[in-house]
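As a starting point, one isolated chain is supplied in structure tokens, in the form predicted alone.
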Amino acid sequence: MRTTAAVLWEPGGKWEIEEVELDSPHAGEVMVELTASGLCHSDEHLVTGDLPAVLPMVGGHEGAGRVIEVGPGVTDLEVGDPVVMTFLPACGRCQYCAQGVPNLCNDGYAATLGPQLDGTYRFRARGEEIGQMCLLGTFAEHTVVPVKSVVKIDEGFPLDLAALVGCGVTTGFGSAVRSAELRTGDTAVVVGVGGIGANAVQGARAAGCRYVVAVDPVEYKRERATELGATHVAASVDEAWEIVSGVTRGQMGDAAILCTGVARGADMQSLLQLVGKRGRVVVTALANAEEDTAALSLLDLTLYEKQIRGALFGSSAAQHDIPRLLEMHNLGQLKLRELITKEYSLDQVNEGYEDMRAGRNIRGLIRYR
């Protein structure tokens, strides 16, 4: 079939709206008609080159819609099913899935390589085969994805809101409750209040933290952080240190979660200073692939048992966590509609990323229907 998609043809380029050919699903795949797609920062990393990828590629890795065709061997999904697409596949059989960490599934290696898991492509344009961001390519009105990357959800849940849970909400929320292991009475610092950090704030509040300090240089984002559950806000890490030191009587935070647009090694020591003994620094933000040096006090790690942890998808399990997060929204325990700053059409995708870079968005959303 023919459909419309936003394609990145070269690093540093713009997303170009193309009429593309889309193949039918192969074995273990489904075709989805998209309702909405989030504008996540990770797709910006494709543009800047911070995230290595094989181009050209249909962008987008955060979407929801309905199944319109199933491939051979698919038995647990039917035409018409509402689904969320998650940016990391989970096979359920590799050693990591078996250990209960499906976010580290061996199939996740293919996230930015371009072709599908069987090594072939589903999109074509200009005589070339086109890859799909995280095997998904949600910057398209229709896409074909592995069943391993799909979560069926309850009928009736708004699909535009469900799209946000495919990456940003689950990653941020999980970074707080899973990766940082925050508990009732803890103090958390969230550095960067974008699409991920806003939900780390929500996760910290849901975990029962007594203090949640949100750090962002953009005043608008600090205001939104307060609405989402932050008890304090700061424009810089230095300002946050003063706040955390004061409210904890010098004991400092239990966890600091890095959710900035790009992680930088030079910032690690200042983050470690935000946490006290046995405090955790959780790095959720992506760094440039060539960033391999960090400034930090190794003595602090030993004497105070401080820890630095990576967080992929917030250490979450999509099939388990996505339905629960949607139910939390239904119960009034998780804000989703409030995360959406502005909606765009597909041909406004570049405008959406301009707004993100300028700090005007917590989360932009492409709506198809």
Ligand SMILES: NC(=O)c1ccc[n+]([C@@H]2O[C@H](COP(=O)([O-])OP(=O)(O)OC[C@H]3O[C@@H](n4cnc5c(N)ncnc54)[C@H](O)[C@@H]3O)[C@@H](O)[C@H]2O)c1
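What you are looking at is a predicted structure, and each value in this text was computed from that prediction instead of being measured. One rule holds for the numbers: they count along the sequence shown, beginning at 1.
Keep in mind the form predicted together with the ligand is missing from the figure; the text below concerns it.
For a residue to qualify, one of its non-hydrogen atoms must sit within 4.5 Å of the ligand in the predicted complex; all three of 40, 191 and 284 qualify. Screening 272-280, 208-216, 70-78, 154-162 for residues having heavy atoms within 4.5 Å of the ligand in the predicted complex returns a single hit, 208-216.
A heavy atom within 4.5 Å of the ligand in the predicted complex is found for exactly one of 112, 260, 231, 245: 260. Only one of 86, 202, 171, 143 comes within 4.5 Å of the ligand in the predicted complex through a heavy atom, and that residue is 171. In the predicted complex, no heavy atom of residue 308 sits within 4.5 Å of the ligand. In the predicted complex, residue 47 stays away from the ligand, with no heavy atom inside 4.5 Å.
Contact annotation for residue 312: at least one heavy atom lies within 4.5 Å of the ligand in the predicted complex. Shown alone here, residue 148 lies farther than 4.5 Å from the ligand in the predicted complex, counting heavy atoms only. With contact defined as any non-hydrogen atom lying within 4.5 angstroms of the ligand in the predicted complex, the contacting residues in 346-369 are 356, 362, 363, given in sequence order.
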